[in-house]
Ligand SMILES: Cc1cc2nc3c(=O)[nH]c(=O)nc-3n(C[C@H](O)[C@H](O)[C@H](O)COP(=O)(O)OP(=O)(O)OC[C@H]3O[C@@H](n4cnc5c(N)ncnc54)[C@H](O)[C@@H]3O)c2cc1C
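Form predicted alone, single chain, as C-alpha cells, below.
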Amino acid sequence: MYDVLIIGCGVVGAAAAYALSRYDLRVAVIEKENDVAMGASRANSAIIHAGFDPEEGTLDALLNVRGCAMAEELCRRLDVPYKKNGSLVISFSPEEDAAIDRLYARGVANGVPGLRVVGYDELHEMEPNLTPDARKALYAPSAGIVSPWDYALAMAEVAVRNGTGLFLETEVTGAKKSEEGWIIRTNRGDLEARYVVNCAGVHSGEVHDMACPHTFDIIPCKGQYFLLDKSEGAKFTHTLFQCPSKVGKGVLVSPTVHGNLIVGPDAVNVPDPDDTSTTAQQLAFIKRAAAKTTSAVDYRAQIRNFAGVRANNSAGGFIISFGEKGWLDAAGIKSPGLTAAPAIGEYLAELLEKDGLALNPRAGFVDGRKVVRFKELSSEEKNSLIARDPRYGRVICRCETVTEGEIVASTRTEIPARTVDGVKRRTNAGMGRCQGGFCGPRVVEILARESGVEMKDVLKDKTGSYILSEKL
C-alpha cells in the first residue's frame, strides 16, 4: 500500500516524485514507456519561460514565475545543463508594438523580474542577425534554456535514490476506489495507494476518466522543429519569440544548451496523441514563419527534425485539482509546463498535505546529483580520471566527445540507460552532426556488454525498436 502513486514520469511526474521524496512517505511512479521523459518532456522547445505570457492572477502564471525562479539553483544542484540567456519577444508592426506593451504590463503584474522594452537600436545590437523589420522587443533576462530530458531524469533519479519506486513499461488499464484509497489496474498487476496523482500528459484525460466523471478534454497539438548544427547556434544569444497568437507562442529561434540552434514549432491539432511524425509541408511552413525573425539561418546545416505533442485542453490552463477523493489531477500541462514543473511538484505536495497527507521530513534525504561530462573537464581532471578508469580515455562519440566511461556510467545510475537513445539522452552520444552514424554501433556493443544481452536485443528507443536482426 503506497501513500502516493504517481501516474506518468514526464517532467511533471518526476517533479512530483522529487518533491514528495523529501518526506517520510511510500511513493511510487508508474510509467508506460521503458524510460522516463519519453513524451513531450523530451520533444519541446527546451525553454525556461520568464512568466509574462500567462494571464495575470492565474495558477499558470504563479507556477510559471515560481518555476523559473527555481530553475537556476535546481539545475546547479542536480547538475543539469542550463543557461540563463534571456528572451526577446519581437514586434514587426505597430499593432504588435501594442501587444509588446500589453505583455510587459502583464509580466510586471505576474512578478517577472527585470522586464523591460528595448527599442530598435538596442534590439539589433543585442541580436545583429534579426531582419530589419524587427521594431522593438520585450526583454526578459530571467528566461533560460535547459536540457529538458535531463531535467526530468535528474529529479526522478534523486527521488528513486530516496526510496521512490519506479515501474517502467507499466501501463494503467483501470482504476477502482478501495476502502483506503485507490486500486490502480496495470498490465503488470494491481497497485494500491491512498492517493493517486495523475501526471499522464497527453493521456491524462483518458486516465482521469478511468476514475472520475468526465470534466475536460485533452486536445493533442503537435509541434515540429528543426535542430541545426552548432555553426548556426553561434549566430544568436537570446531566445527569440514572435508575438504570441491564439494558437501559442509561435515559431521561435533559439540556441540550445548544447550549442545548437532550434527553430519551431508549428501548432497542429492531431487525433493521435502519440503521433510524432514530421512532414515536409509543416517544416516548410516553419521556415517561412521563422524568416520573419531572421534570414540568417542556413537550413543546410540541419541535423535533425523532430516533433512533440503538447497536452492542450478544453479548460485552457493547467488542470491541477482533486477529481475525486484521493485522486489529484495534474492534467493538461502544456507550455509553460517544463518551466513550472518543479513548482507544480511543490504545489501538489501542498494540496496533498491540506487533504490530510502527513508530510514529515525524511531522515537522511539525499539531494543533488553529479554527472561526469568528460569534454568539460580540465586537462588535469581528464588525466586523473583516465588514470583511475582507462575507459574515459576512449572517445566513442567524436562529434560530442563522449567517452566509453561516460556511456558505461549511464548504465549504472538509479535509472540506467537501457537503449541507444537512452544513452543519447544521458550522455549526448549521437547528438552531434553525424547523429550517431559513427558511434551508434559502438554504443550498441557497449550496451549489450553492460546489460548482458546479445546485440540483436539492444533497442534504439521504445519497446520493439530493434536495430539488428538475425540472419534468416
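It should be emphasised that the depicted structure is a prediction, and the values quoted were computed from it without experimental measurement. From 1 onward, residues are counted along the sequence shown.
Another form, the form predicted together with the named molecule, is not on view; read the next lines as being about it.
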Candidate stretches 287-295, 253-261, 193-201, 319-327 - the one whose heavy atoms come within 4.5 Å of the named molecule in the model of the complex: 193-201
Is there a heavy atom of residue 149 no more than 4.5 Å from a heavy atom of the named molecule in the model of the complex? no
Taking any heavy atom pair closer than or equal to 4.5 Å as contact, tell me whether residue 107 reaches the named molecule in the model of the complex. no
Taking 4.5 angstroms as the cut-off for heavy atoms, does residue 164 touch the named molecule in the model of the complex? no
Indicate whether residue 342 is a 4.5 Å heavy atom neighbour of the named molecule in the model of the complex. no
Tell me, out of 136, 334, 369, 238, which residue has a non-hydrogen atom within 4.5 angstroms of the named molecule in the model of the complex. 334
Of 170, 142, 91, 282, the only residue with a heavy atom within 4.5 Å of the named molecule in the model of the complex is 170
Go through 1-29 residue by residue and record those having a heavy atom within 4.5 Å of the named molecule in the model of the complex; state none if no residue qualifies. 7, 8, 9, 10, 11, 12, 13
